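Just the one chain here, the form predicted on its own, laid out as structure tokens.
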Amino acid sequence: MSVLIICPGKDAKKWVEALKDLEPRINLSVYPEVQEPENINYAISWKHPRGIFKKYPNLRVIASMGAGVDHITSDPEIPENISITRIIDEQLCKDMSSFVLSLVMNKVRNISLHHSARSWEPLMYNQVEEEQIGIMGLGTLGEAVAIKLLANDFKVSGWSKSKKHIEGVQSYNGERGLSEFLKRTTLLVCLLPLTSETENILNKELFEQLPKGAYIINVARGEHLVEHDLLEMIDKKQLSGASLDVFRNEPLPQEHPFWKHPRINITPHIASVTDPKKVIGQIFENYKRMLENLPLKNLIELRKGY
């Protein structure tokens, strides 16, 4: 029995240290230094090379290093019998909700626009109560963001695949509910999981259903956004701007037009970052559950993709 850590381009040392602190005797390998691939039965992963898991014939579980699992489920060569788990962590929820609140307040008070304009001319701002925040995706992170915004006096609605019940939040669901949700949303926050159904969902057709001057915040995945549609809608003033933390290509290339656009704010995928020491306990617990043939925690439905 052996655990594999596989996270090319990411610092694996912190994950090794966190796991060894819990169980010094654990048999542990770090990709690509794997001596006995047939002994690997549990993998802790982030953005693995496509098709690599086929090399481990006795692999039973892949544990995502973060809340998202699309970096795993998007690999068409994942063996069908593999279980996939994700992280659910209170600190990730706190970080995400605080980050989104800061972006919302930045937009409401025109802080970045004052800087980019390089002008002393004051820009008028809306009162908090005048904004209608719409959150696409009311999972664990989406719910945390909604509660944080409600606590700061914002009106909040949400849209998801299935009906959600969060006190104070007007909930919409399915295709029928999407249009009603969009037409009342002045500031749209994307926190959807990335699936074949949600890829490219932030597009021209959707933007045109928002009130004129609406604002976009994307802290989910870059693949949700059709980039040229966003630029077109901002330049036509259908949208007032956007704050983007995630991109199709990361790092965002320096020549990308987003960098120079005065109404697009860029952050380098920092909304919430997993701390190995805080989450390794739930990952190790699932490892023990696997060994004992017990049900895994935070198991995703591969059919849904989340």
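Counting begins at 1, following the sequence as shown. Worth saying up front: this structure is predicted, and the values here are computed from it rather than measured.
Beyond the structure shown, there is the form predicted in complex with another copy of the chain, which is absent from this document and is the topic of what follows.
Another copy of the chain in the predicted bound form is approached by residue 247, whose closest heavy atom lies within 4.5 angstroms of it. Contact annotation: residue 260 falls within 4.5 Å of another copy of the chain in the predicted bound form, judged by heavy atom distances.
When contacts are judged by a 4.5 Å heavy atom cut-off, residue 165 does not count as touching another copy of the chain in the predicted bound form.
Contact between residue 59 and another copy of the chain in the predicted bound form is not found at the 4.5 Å heavy atom cutoff. Heavy atoms within 4.5 Å of another copy of the chain in the predicted bound form map, among the stretches 43-51, 60-68, 27-35, 261-269, onto 261-269 alone. Although the partner is absent from the chain shown here, 99, 148 and 252 each have a heavy atom within 4.5 Å of another copy of the chain in the predicted bound form. Among the residues 228, 183, 236, 94, the one placing a heavy atom within 4.5 Å of another copy of the chain in the predicted bound form is 94. Shown without its partner, this chain lists 203, 83, 112, 140 as candidates; in the predicted bound form, only 112 has a non-hydrogen atom within 4.5 angstroms of another copy of the chain. Within 4.5 angstroms of another copy of the chain in the predicted bound form, the stretch 110-138 places a non-hydrogen atom from each of 111, 112, 114, 115, 116, 118, 119, 120, 121, 122, 125, 127, 128, 129, taken in sequence order.
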